[in-house]
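Just one chain is shown here, as structure tokens, and it is the form predicted alone.
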């Protein structure tokens, strides 16, 4: 890419100058980010509507509000986060002191996603700025309006010598990945995540991969009818209310005991009508499928004859508008693509079990998901879920909230990704924690004659065993 080498050279020179390390620079950039979202809220809404059809309420909840909240938190905490922390030392090292000092990695690459093209691009940028890095930001080309908007406006609010926005498609991504970076942060699919990790390995570059997976929801039978209505609303909101299911933390499939499946599907159908009207196709609250490729992929999943036969609600499509109705499927084949690949769309398989405890083996026999949602009042069942499954997060009796909570780490495990961010965890992700140990020159042990050497060796071994050597040396007055 013409000019890429010069861009990276400028960023490296800027970072080497120390410009990005000061608390003043970090705070000024965070204030610029807050000003950016405040000044451009309506324009961001318009860009999101054009790219993915997001309603302003959804756009603020999942995009603008997330960025503003993250920037304000970082602004209020960055000075505390970047301060060295006292390290604990065993008495064996007395007299000595220790610190852990966070330092920025250097020049980092952030690759955003198309389904949340503002928040999942700018939230990591806020973290990289807070940690004192220089940044190349690569928005997703699949949300072109938002990408162009960021490229045009970010330089007006943030330091253009330290933060660059580079647009482009697959060819640009390939050229970026050929460069040597000090850190890569990627949000996207597992397929592209493997490409990113392979490229990073050539330079031993640390990476954070925020991927996805088939996030299950479990509905226990212990809920009363009133709770069931609440559960149906929360499931519907998590499946269709966040980018029409085109979200890594959306519910991918639902596990329920067979005897409750019919009632639950009826409640979900009523909730869909309540949320999106009798004709969801006309609703302005449902995002569109992002492009023709994803629409065709979802259509292929749905048109599998055995899958199509399992449709219990919905199933209509409009190729011209790239619309797929909120759809519920009852027991599609477990070996079908819809049950082996991440759906990333408005299709919800409901899988029935004889006993809800079987859900634990069902989940643990599959790749580790980014999130597990479980609706239950059974404390024993909760403990079983926590101890016998592995996932990026577990949320009981609600959905999606773990993503919005800055005090909790957000990230995957296994195929759903690795690394974590949000709040202080974001700062840590873009920082290297450098250990610093300082020691004085007293006391100093020095051999005086052979018998003392042998005694000293056994003495030190004993002292290490009890971790009191520093205190013992002081008491005995051993010194040079």
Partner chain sequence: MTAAAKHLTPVVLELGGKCPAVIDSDVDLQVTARRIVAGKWQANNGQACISVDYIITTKDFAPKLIDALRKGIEECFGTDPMESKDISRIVSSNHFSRLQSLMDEYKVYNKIVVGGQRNQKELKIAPTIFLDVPGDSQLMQEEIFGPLLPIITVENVKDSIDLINSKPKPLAAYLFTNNDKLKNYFVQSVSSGGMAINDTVLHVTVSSLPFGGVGESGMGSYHGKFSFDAFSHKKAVLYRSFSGDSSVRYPPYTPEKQKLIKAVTNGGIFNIILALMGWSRD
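Residue numbers count along the first chain shown, from 1. No experiment lies behind these values; they were computed from the predicted model shown.
From this point on, the text means the form predicted together with its partner chain, which you will not see here.
Only one of 401, 299, 334, 309 comes within 4.5 Å of its partner chain in the predicted complex through a heavy atom, and that residue is 401. The listed set 206, 155, 169, 367 contains one residue whose heavy atoms approach its partner chain in the predicted complex to within 4.5 Å, identified as 206. Interface membership of residue 185, defined by any non-hydrogen atom within 4.5 Å of its partner chain in the predicted complex, is ruled out. In the predicted complex, at least one heavy atom of residue 231 sits within 4.5 Å of a heavy atom of its partner chain. Among heavy atoms of residue 58, some come within 4.5 Å of its partner chain in the predicted complex.
For the chain shown alone, residue 19 is not a contact residue for its partner chain in the predicted complex, no non-hydrogen atom being within 4.5 angstroms. In plain terms, the part of the chain that comes close to its partner chain in the predicted complex, with a heavy atom within 4.5 Å, is 185-193 out of 341-349, 185-193, 354-362, 252-260. If you take 360-377 and check each residue for a heavy atom within 4.5 Å of its partner chain in the predicted complex, you get 375, 377, in sequence order.
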